[in-house]
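Quick heads-up: it's one chain on its own, the form predicted on its own, in C-alpha cells.
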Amino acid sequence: MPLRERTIRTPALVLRHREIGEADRLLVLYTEQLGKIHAIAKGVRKLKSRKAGHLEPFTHSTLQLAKGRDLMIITQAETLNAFLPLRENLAGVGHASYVIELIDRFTYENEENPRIFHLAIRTLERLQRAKDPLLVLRFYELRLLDLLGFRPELQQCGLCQAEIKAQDQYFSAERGGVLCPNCGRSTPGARPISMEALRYLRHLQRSNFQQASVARPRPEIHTEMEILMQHYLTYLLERNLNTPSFIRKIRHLDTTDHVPPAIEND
C-alpha cells in the first residue's frame, strides 16, 4: 500500500529496536498496512516518555506514523497486547522471539502482506495459552512458508513425482520437500525423515489450527520435526537463525533444574 498521506494509523508488531542519539530509538516494525518498515521514536528513552512501554519487542500496538524526510516518525502509540504471559519466563520470551525473527528475516521493506501480520499475532496469542508451544511453532512455520511461497512438498517425491508411501523417507531442502527412498539415497544433502514425523507435518500443513492442535507427537518426533524445519528455513535464508540456539539452552536449563539432587551417603 503506497503511503500518500502525511500520517497513517496502523496496527503494528514491534520486531526489534536499537538506540540512536541521546534519547531516540530506531524500530523495525511489521505493520498491517505497510508491511515491514523502519521508524523513529523520538525522545522515547526519556523518563517522562509515554511511548516507551508501547514499543517493546513483540508488542502489538496501534501506531500513529508521520512521514519524515527519510523515515517514518512514531507520534503516538497504544498497546493492544503486550503478551505479558510470554514475558514471565525465558521459554516464552524465546518462543516469541522466534516468531518475530522469522518475519524479520524473511520479509523485505515496504512489502505489504496483512496475512503475515495476522498470522504472527495469532501465533503469539496461541503461545500465551499453549500446552504444547512446539506444536504452535511448527504450525506457524508451515503457514508462514505457505504465505512466502516456500511451501514444502510433503505428498509426493520432489524428483520422480512418485506418491509417498507409508515408510520412512528423505527430505531435501534443495528440492523443497520429501523424496522417496530411491531418490533420497542418491541425492546429496537429503536427510532421513521418519514416516511418523512426516505424518504430523502433513497434518499440520493441511489442517486449520483447531484441527492441528489435537496432534500429540512424542518428544522424539517433536525434536525430529524441529530439526528438519530449522534445516529447511536455514537453507532458504542462507544463514543461521539466532533464537533456536537460545531456546535449546533454556530447554536444557529447565531439564537440569528438574534433576533431583544426589543423595549423600552418611
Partner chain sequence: MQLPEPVQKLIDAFSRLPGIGPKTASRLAFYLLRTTDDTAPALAEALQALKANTSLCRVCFNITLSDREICEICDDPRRDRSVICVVEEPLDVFALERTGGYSGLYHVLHGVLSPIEGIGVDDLRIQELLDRLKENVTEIILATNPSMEGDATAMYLGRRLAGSKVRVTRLARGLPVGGDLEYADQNTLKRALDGRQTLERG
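Positions refer to the first chain, counted from 1. Just so you know, these numbers come straight off a predicted model, no measurement behind them.
We do not show the form predicted together with the partner chain, though everything after this point is about it.
A.B. asks: Look up in the predicted complex whether T10 has a non-hydrogen atom within 4.5 angstroms of the partner chain, and give yes or no.
C.D. replies: No, T10 sits far enough from the partner chain in the predicted complex that none of its heavy atoms falls within 4.5 Å.
A.B. asks: Though only this chain appears here, would R202 touch the partner chain in the predicted complex if you measure heavy atom gaps against 4.5 Å?
C.D. replies: So R202 does not count as contacting the partner chain.
A.B. asks: So, in the predicted complex, is S97 in contact with the partner chain at a 4.5 angstroms heavy atom limit?
C.D. replies: Flag for S97 set to yes.
A.B. asks: How about V214: is it within 4.5 Å of the partner chain in the predicted complex, going by heavy atoms?
C.D. replies: No, no contact at 4.5 Å.
A.B. asks: Can you confirm whether T62, I103 and E109, the three residues that make up this candidate site, all sit within 4.5 Å of the partner chain in the predicted complex, judged by heavy atoms?
C.D. replies: The answer is no; none of T62, I103 and E109 reaches the partner chain.
A.B. asks: Name the single residue among Q156, N182, T79, N113 that comes within 4.5 Å of the partner chain in the predicted complex, judging by heavy atoms.
C.D. replies: Looking at the other structure, the residue within range turns out to be T79.
A.B. asks: Okay, which stretch from 47 to 55, 33 to 41, 225 to 233, 206 to 214 lines the partner chain in the predicted complex, with non-hydrogen atoms inside 4.5 Å?
C.D. replies: Contact-bearing stretch, as computed: 47 to 55.
A.B. asks: Looking at the partner chain in the predicted complex, which residues in 82 to 101 have at least one heavy atom within 4.5 Å of it?
C.D. replies: Contacts from 82 to 101: A82, L84, R87, E88, N89, L90, V93, S97, I100, E101.
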